[in-house]
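In the form predicted alone, a lone chain appears below as structure tokens.
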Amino acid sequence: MSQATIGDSEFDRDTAVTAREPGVYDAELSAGWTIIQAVNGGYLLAVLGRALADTLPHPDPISVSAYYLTASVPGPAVVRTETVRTGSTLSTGQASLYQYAEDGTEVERIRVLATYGDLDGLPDDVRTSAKPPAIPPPEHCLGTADGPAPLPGSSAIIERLDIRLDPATVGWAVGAPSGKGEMRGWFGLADGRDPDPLSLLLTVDALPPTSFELGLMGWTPTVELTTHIRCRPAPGPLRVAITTRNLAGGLLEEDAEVWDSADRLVAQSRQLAKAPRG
């Protein structure tokens, strides 16, 4: 099977939006991106990201903050966008994704405020103390076929991702979580499509939740997710490191870093999520 390309892949087809009128887009949320009970939050962010890229004069997401209001389900959806501000190098917009209740009324699922720019136009000066995560080579990491049966419910998204987890962060899979709240691994799309700024919105929310390594299994619904896209990723696999330092009041944070094959920090995120009850 030939490798999928940017613009011609399952991810691109399943995040496509169709303009109905200015600022109103139709979408079809695919069941292929569900895990346990819900449509993945990073996939939803990519759907909204496409609509905002069409609305705003700048092409690339730079900072995207999303509030998850109600759980999304596979099926039709409507995205409504609005331009908030347009500048010479950055523009800001907002978007909401709606689905339909049984009585036909619209239910807002997710609301986003985002700033877009042109990643190719950013200065190339880098001053950083950040270092790529130390992860064993992919052949020494563990894929989905190496673990136990998935959690109850849909795990369709797993078939669309190529994730190889650092063995040091998969104790949860054999009933021996480390308690450290860390998750690290290699990430790619299963069809070989290379990463781009839009797919990074999926990447930051695609690994198993760090709560698994805290001994809490089950759905970890996102309350809020802010993602920063730092530069256009090079072709090839990504390395993702996620940490949680504080679980309190039934909520935990997840701080993610995404590094590309050229050892550049290409995306960062912070997520607030509800801790599983397990």
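Note that the structure is predicted; figures quoted are calculated from it, not measured. The first residue of the shown sequence is 1; numbering continues from there.
Omitted here: the form predicted in complex with another copy of the chain. The next part is about that form.
In the predicted complex, another copy of the chain sits beyond 4.5 Å of every heavy atom of residue 235. Shown alone here, residue 214 lies within 4.5 Å of another copy of the chain in the predicted complex, counting heavy atoms only.
Contact between residue 37 and another copy of the chain in the predicted complex is not found at the 4.5 Å heavy atom cutoff. In the predicted complex, another copy of the chain lies farther than 4.5 Å from every heavy atom of residue 104.
With another copy of the chain omitted here, the record of contacts in the predicted complex names 110-118 of 135-143, 163-171, 110-118, 187-195, defined by a heavy atom within 4.5 Å. Shown without its partner, the chain has 122, 123, 125, 126, 127, 128, 129, 130, 131 in segment 118-132 as residues with a non-hydrogen atom within 4.5 angstroms of another copy of the chain in the predicted complex.
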